Each structure stands twice: as structure tokens, then as C-alpha cells.
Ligand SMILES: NC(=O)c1ccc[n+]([C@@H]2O[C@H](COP(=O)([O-])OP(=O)(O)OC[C@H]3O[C@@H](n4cnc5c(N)ncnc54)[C@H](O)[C@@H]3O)[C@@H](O)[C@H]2O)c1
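The chain below stands alone, shown as C-alpha cells; this is the form predicted on its own.
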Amino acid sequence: MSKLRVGVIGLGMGRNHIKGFQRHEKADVVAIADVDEAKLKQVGEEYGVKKSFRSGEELIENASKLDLDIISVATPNKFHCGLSIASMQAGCHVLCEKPLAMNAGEGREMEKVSQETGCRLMVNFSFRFKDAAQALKRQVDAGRLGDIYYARTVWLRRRGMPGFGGWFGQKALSGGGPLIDLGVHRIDLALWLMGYPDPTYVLGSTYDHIAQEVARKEKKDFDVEDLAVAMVKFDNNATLVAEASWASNIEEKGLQEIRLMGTEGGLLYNNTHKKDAELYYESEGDHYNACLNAVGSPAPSAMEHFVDCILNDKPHIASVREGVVVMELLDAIYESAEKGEPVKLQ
């Protein structure tokens, strides 16, 4: 079988996309695009990609000539929707960097085009593809936790505002701060482990005290939050608490953690410590802690998984529908924070 031909737009996060696709023996990255000419030259030479374009639109216009099968969109968030839709209308499957879009409305538009064109649209929820995450998902699906009724998902940084003064801190380009940047990963990972229950309402708060002080001192533009917190209720009566920050006065330099509590057991997945994950359960009146030693087959990257699913005509995970659900939650959290009251989703 011939290789799937791939184009990558955006060479910040796009470098990881290139590496992921190049690890698959049946994928060939044949074209790249970025507005930065120096970056185009450097990345092209580093990864052996000969064809380059100064814009994503130009790459998409040449998709037919290049015989592209897949286009990866790894640009600032503002451009995810337009470039993904144009790629699908050009007949290409799309792997879109997280978040899916700037808001749920854009996400639903992308979902509609995917359905109309028959082209796949997958979101790069990359944390699902960690070995420990895959192993924990197998345990949850096997019923080891029973019915999950509570979850807490966290990504907190003590100080870690990306490229301060750049596009991450500009709502017009990013759509928001750490909630849409970091929280999107943790919320998806928690929902995936929980089986993606249907959210019913959200209560959220956002703050920007630390970042605004930095912005004032450095005379930089910054109009998004530096901390977001939320509580989500689901139709099965489960509850999710989520926290995401770029700047917070905490002990740790950074903390990435998910806790799930179920009727038969619980789990802790901590990406910060060497101890990846533990299961907690009771048997015959005794309480056990089972430490995960993920020594099975390495989990594929999102890019390798996407290629496999296309070649074998099987469904991929991290679907556009799940991407839309996450965007609906993010929108509701921001709306609740602005209004100072809960927001209903159903």
C-alpha cells in the first residue's frame, strides 16, 4: 500500500506533528507551511521536507497537485476553523491541534463540513496517547472503578505564561487563556476516562490578577485570564471540578493531575511525578493501592493513530464531536465567569 501524503500548517506545534507522522512507515510529510520564512527553511532542512509554502491557504490550494491525503492544522487557534474547513473541502482528512476552534459555534461548523465532505476531522488531544493514560482507560472500561461520580482535573503552573506579550495572551487570536490552552487537555482527558457523559450545567470563575500586574510592568497587551476554575454537572449526576492556570501562588512549579472516584474504586493520574498512576480499591474489607507500571506496547501518537485508522478504515478517537463538546464546556465556563452565575447546557 502506498504511503499517505501529509501537509503540515504551522511550525510551532507543527514540529511535533511532523515527528509523529514521520514515525509511521506508511506516512510521508511532503509539504509544510508557515508565515515565518526562516522557520520554513530551518524546519524543511531539519525534517527533510522539500515543498514549503508561506501560508496555509497556499498549501491547501496545492493539495490536489501534491496529492495530499492529510493536512495537519497547528496554527494559532484563530485559524483552526477556516484552514480545517478549506482542507476538508479540498478533499483532505484533517488533524487539528487543540483546541478544536475559538468557540463551539466554529466547532459545529467544522463538524458539519466533515459530515458533508466525508473527510475525517480529529483533534490532537495528545494526552490520551500517553502510555499511562491508555492503560488507565483500559482499567476504567473494564469496570475497575464502577460508576464514576466525581472527578477533579488540574493543570496549574506557578509561573508559566507562554510567550508573554505574544498571541497566547490575546483573546482575538487565542480565544482565552490557560483554560483554552491547558484546561482543554485536562478536561478532555477527564471526560474521556469518564466516558464523555453529557454536561447539564457549569459554574465557572476566571481571574487575571498576577498576569495583569506583569503586563502593566512590561507594558504588554494581555486580555485573557491567568487562572480558571469550574464545576461541571452531568446528566448522570456526576461532577467534574477543573482548574487551569499559567500563574498561581502554589507550592509546586507545575501540577498536572486527574482524580476519579467511582463506586468500586478510584484512580490518581499525576503527570508531574515519576509515579504516573495508581488505582485504589477495597477487597474483603481491605484497602489496596495498585501502582501502575506501564510496560506494555508503547501508545501511538495521535498522528500514528490517525494514519492507522485511515488506512484500516476504522473510527479514530478524539473525534470532532468530542472536540465540540469540550468547546461547549469552555464557552459555558467563560460565560458563567462573565455573568457570575451558573450556565445551563441542556
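One rule holds for the numbers: they count along the sequence shown, beginning at 1. The structure presented is a predicted model; accordingly, all values stated were derived computationally and were not measured.
Below, we turn to the form predicted in complex with this ligand, even though it does not appear here.
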Is Phe79 one of the residues lying within 4.5 Å of this ligand in the predicted complex, judged by heavy atom distances? yes
Contact of Ala242 with this ligand in the predicted complex (heavy atom, 4.5 Å): no
Looking in the predicted complex, any heavy atom of Tyr269 within 4.5 Å of this ligand? no
With a 4.5 Å heavy atom cut-off, would you call Phe234 a contact of this ligand in the predicted complex? no
Counting only heavy atoms and a 4.5 Å cutoff, which of 138 to 146, 216 to 224, 203 to 211, 124 to 132 contacts this ligand in the predicted complex? 124 to 132
All of Ser55, Ala74 and Trp167 with a heavy atom within 4.5 Å of this ligand in the predicted complex: yes
Interface residue in the predicted complex among Ile317, Cys309, Ala299, Val35, criterion: non-hydrogen atom within 4.5 angstroms of this ligand: Val35
Tell me, out of Lys51, Lys39, Lys26, Arg321, which residue has a non-hydrogen atom within 4.5 angstroms of this ligand in the predicted complex. Lys39
For the stretch 10 to 24, return the residues whose heavy atoms include at least one within 4.5 Å of this ligand in the predicted complex, in the order they occur. Gly10, Leu11, Gly12, Met13
